[in-house]
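Heads up, the chain below is alone and in the form predicted on its own; it's given as structure tokens.
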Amino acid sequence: MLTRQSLRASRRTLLQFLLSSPLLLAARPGAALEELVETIARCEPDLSPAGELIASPADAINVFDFRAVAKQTLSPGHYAFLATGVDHERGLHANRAGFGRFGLRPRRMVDVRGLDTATEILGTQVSCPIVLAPAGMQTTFHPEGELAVARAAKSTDQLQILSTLSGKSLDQVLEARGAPVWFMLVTPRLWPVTRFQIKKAEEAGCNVVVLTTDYVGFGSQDRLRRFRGPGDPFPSTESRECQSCHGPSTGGRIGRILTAFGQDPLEFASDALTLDWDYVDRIRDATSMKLVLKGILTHEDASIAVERGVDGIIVSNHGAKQMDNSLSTIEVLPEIVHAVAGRIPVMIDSGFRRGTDVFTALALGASAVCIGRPYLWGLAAFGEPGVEGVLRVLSREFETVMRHMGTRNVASISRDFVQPT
């Protein structure tokens, strides 16, 4: 049986062979280099720890310790829902490999005593620029779902963005958090429905609405569909596991009704969720909440967002769960920051797992980093203490990087500390 040490040694041997082989770069240097990068990404994935699982959040060394417990705790279908990407899942690998395209430039002999990680994001004061990204149906991973996450966010004083598809009501989450949360809006192109969602969030006390822009089509979540059966990717066909756990879902019932009337459920859902810039204007004009667009991936759209009076952007590919594009969010961040030119804050998500990842994004111009899967691993593994544990691990790592880089506070992190590799 391979030990953890022998596995690492085997990987190093493979990489040394690839790097030293004259055949590697001889015929197709560009393609070969890309293949090597992909090989490194696959040979050095974010592996779960070898040996025993951690017994409590306090035992965690990094966030992947929580993933290992979550994988053992969740049913296969629920873990597939959490872990899966779409199509060939190139986007999942790209989001992690993208960080390897940037290197950090530490400064020495800097007094970093009294280190301060606090910052402000659109008027919200937070203890650390690590934000809990919106994620739907969190009760799938733990019975307390979004309430456990809200209490953990309260304990660590970090910002929570609540999904439209929350398993708990907005009022419940606000009570548990004890402070305003941002409301993530997924809405059909039906103004009465959109207006109702906005009004409800505003009356509840939310100060920012986050419009998700990338629900315009659904990639094939191949691994997840194995648990739902070979039918349409819209969950009109559900597995016995899903039925036994949740019962027939609303989406499944709607899908079967649409199918009975000859309407493709996937096409119907995609058409209903297709918005445009005029709809963004309408949302902006209908609320006093600040408006953030989530899912921006190009400098062209970033420039339009600024022109339309949007208050902020979240650079996001939805954790590679919508489209299997091969660009990571960290790679496209610089062009978006350049286009925005400091006029509105730019946040980012998708693939963030370490404190160095967070620092890299801030150095490239992001105001904050949103995490999704890591805190859901913590939620699935240990509930509220697990979410809090993930946040504390990432915050600790971020502080450590700040010390090594010679940055006393978040405002001092700049482009001077990072360069392409």
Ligand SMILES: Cc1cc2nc3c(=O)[nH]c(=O)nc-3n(C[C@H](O)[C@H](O)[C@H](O)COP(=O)(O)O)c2cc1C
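This structure is a prediction, so every number in the text was calculated from the model and none was measured. Sequential numbering from 1, following the sequence displayed.
Another form, the form predicted together with this ligand, is not on view; read the next lines as being about it.
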Subject >> Option touching this ligand, based on a heavy atom within 4.5 Å in the predicted bound form, out of P188, P76, P334, G136 >> reply: G136
Subject >> Heavy atom within 4.5 Å of this ligand in the predicted bound form - residue from L82, V86, M289, V280 >> reply: L82
**OP:** Report whether all of V110, A366 and R408 sit within 4.5 Å of this ligand in the predicted bound form, measuring from non-hydrogen atoms.
**Re:** no
Original post:
Contact between T119 and this ligand in the predicted bound form at 4.5 Å, heavy atoms?
Top reply: no
**OP:** Answer with yes or no whether S350 is in contact with this ligand in the predicted bound form, where contact means some heavy atom within 4.5 Å.
**Re:** yes
Original post:
How about H142: is it within 4.5 Å of this ligand in the predicted bound form, going by heavy atoms?
Top reply: no
Original post:
Does H93 reach this ligand in the predicted bound form if we count a contact as any heavy atom within 4.5 Å?
Top reply: no
Original post:
Where does this ligand sit in the predicted bound form: which of 296 to 304, 189 to 197, 310 to 318, 170 to 178, heavy atoms within 4.5 Å?
Top reply: 310 to 318
Original post:
Relative to this ligand in the predicted bound form, which residues of 180 to 199 have a heavy atom no more than 4.5 Å away?
Top reply: M184
